[in-house]
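Take a look at this one chain, the form predicted on its own, written out in structure tokens.
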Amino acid sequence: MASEIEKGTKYIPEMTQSEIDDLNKSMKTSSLKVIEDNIEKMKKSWKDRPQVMEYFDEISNLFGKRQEEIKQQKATGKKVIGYSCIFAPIEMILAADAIPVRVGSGWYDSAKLGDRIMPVEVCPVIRSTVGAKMVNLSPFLELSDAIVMPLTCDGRTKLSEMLADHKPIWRMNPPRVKDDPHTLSMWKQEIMVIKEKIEKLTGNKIDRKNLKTAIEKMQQATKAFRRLQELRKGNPVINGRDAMLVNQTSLWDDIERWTQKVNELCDELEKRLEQKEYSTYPDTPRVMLTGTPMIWPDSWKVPNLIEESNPQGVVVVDEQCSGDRILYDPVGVDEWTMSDMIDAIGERYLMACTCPCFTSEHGNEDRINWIIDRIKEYKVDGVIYYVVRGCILYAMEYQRIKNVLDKMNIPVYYLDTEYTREDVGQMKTRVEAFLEMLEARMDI
């Protein structure tokens, strides 16, 4: 309960409606331009881009078709449940016939607005999300009836307070130590609390039948996702940016329709693989991305630079919660009892996660092992370790990752940046130098 002295919102300052409307209009216009430019760049780099990619282009418009669909479903009484990171149990939301949407912000302009109430040292993803709320910029945040907010870092902890003035916030406390004997039981309790809140909001009980259906639906999505990932292990039949876009649209699209479209894309790519029709030259340096999540649309600047540089690179895999980690691990159920399904959901969302918020007796070794395995599977030539300033956990794990990659003789480049478009020129020089080095190593 707020103190008697606090009136109005606790953090976000009051703004005039005209200022909110003006800023919303200018930021939305800017965002639509960035979306359009990014898609044009992807089309230009991949001349024979499959027609089915037009579907993902359309869904990538945050202010377009998908927003309208959700509005219409919400008007019929459906509930929309936002979530800030991939710890949120999507299967529970689907089982209650609600719509899950991720609400983390990838807008640079709104991060500058967030600077009004937060120091610039704070993670810009957090500042951007707050700034988006200040001018009602994010369609999915605005449409959400409640938001699941796992407290994975200090920034998200305070973000939950700031957004609580505007939306019901359901906080989750992921255990930070994975190998403690009580870890899974603690996490299961968190899952059960969220289950009860979802049921109360939607008025729909999550039972064995609808939870099984939801798990199977997400398993099909994972199967399609893994099919696409398998195609990225060989000569490039899809550019990294396009695969990243496909993966990221799963965060707000209808998941059954998304699964169908991914399978259509894979059908086409498998044909091209047989006919040796590649999206770029087979000897293009193969790059892995890791670090801070790259959230559509503004954060596409790094993959744009990699795949438009001279020499060019191709992103073949990433280790990001905005990318390959979204759907990589399915919920594995042995017995389709209610208890077993909830246990399986708990294990999937906790034990499989490689977020740097974790530690254990051997530190965050799961992330190390995940990166090592993917470097081998995807024949990675070099790793770009991307960190936005203020993203402390990813910055702190860099040295350990570098030590491991040095022993594997895999070059790694620490690419730190602000949440801005203004440093693209400087970053281009850095990325090209790294790719030149990778190309030179391949020639030897």
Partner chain sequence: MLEIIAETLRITIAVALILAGMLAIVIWVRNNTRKLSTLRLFVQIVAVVLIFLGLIIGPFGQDQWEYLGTAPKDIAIGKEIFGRPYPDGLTVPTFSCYYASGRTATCVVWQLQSYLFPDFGTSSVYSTSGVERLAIATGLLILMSIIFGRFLCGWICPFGLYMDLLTRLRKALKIKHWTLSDRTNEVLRQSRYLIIATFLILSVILGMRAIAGVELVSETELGRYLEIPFCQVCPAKPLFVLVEGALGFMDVDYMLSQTIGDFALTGWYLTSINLVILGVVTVGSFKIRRLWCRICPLGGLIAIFSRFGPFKKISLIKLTKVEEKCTKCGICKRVCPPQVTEVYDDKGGDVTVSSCILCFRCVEMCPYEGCLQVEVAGKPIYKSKNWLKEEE
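Treat the numbers as computed from the prediction; the structure is a model and nothing was measured. Numbering follows the first chain given and starts at 1.
What comes next is about the form predicted together with the partner chain, which is not displayed.
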Would you classify Lys376 as touching the partner chain in the predicted complex, given a 4.5 Å non-hydrogen atom cut-off?
yes
Using 4.5 Å between non-hydrogen atoms, is Pro100 touching the partner chain in the predicted complex?
no
Applying a 4.5 Å heavy atom distance criterion, does Asp334 contact the partner chain in the predicted complex?
yes
Is Asp366 close enough to the partner chain in the predicted complex to count, meaning some heavy atom within 4.5 Å?
yes
Per contact check vs the partner chain in the predicted complex (non-hydrogen atom within 4.5 angstroms), the hit among 257-265, 291-299, 340-348, 152-160 is 340-348
Let me know the one among Ala88, Val135, Cys357, Ile372 whose heavy atoms come within 4.5 Å of the partner chain in the predicted complex, would you?
Ile372
Listed residue (Lys200, Lys271, Lys74, Lys223) with a non-hydrogen atom within 4.5 angstroms of the partner chain in the predicted complex
Lys223
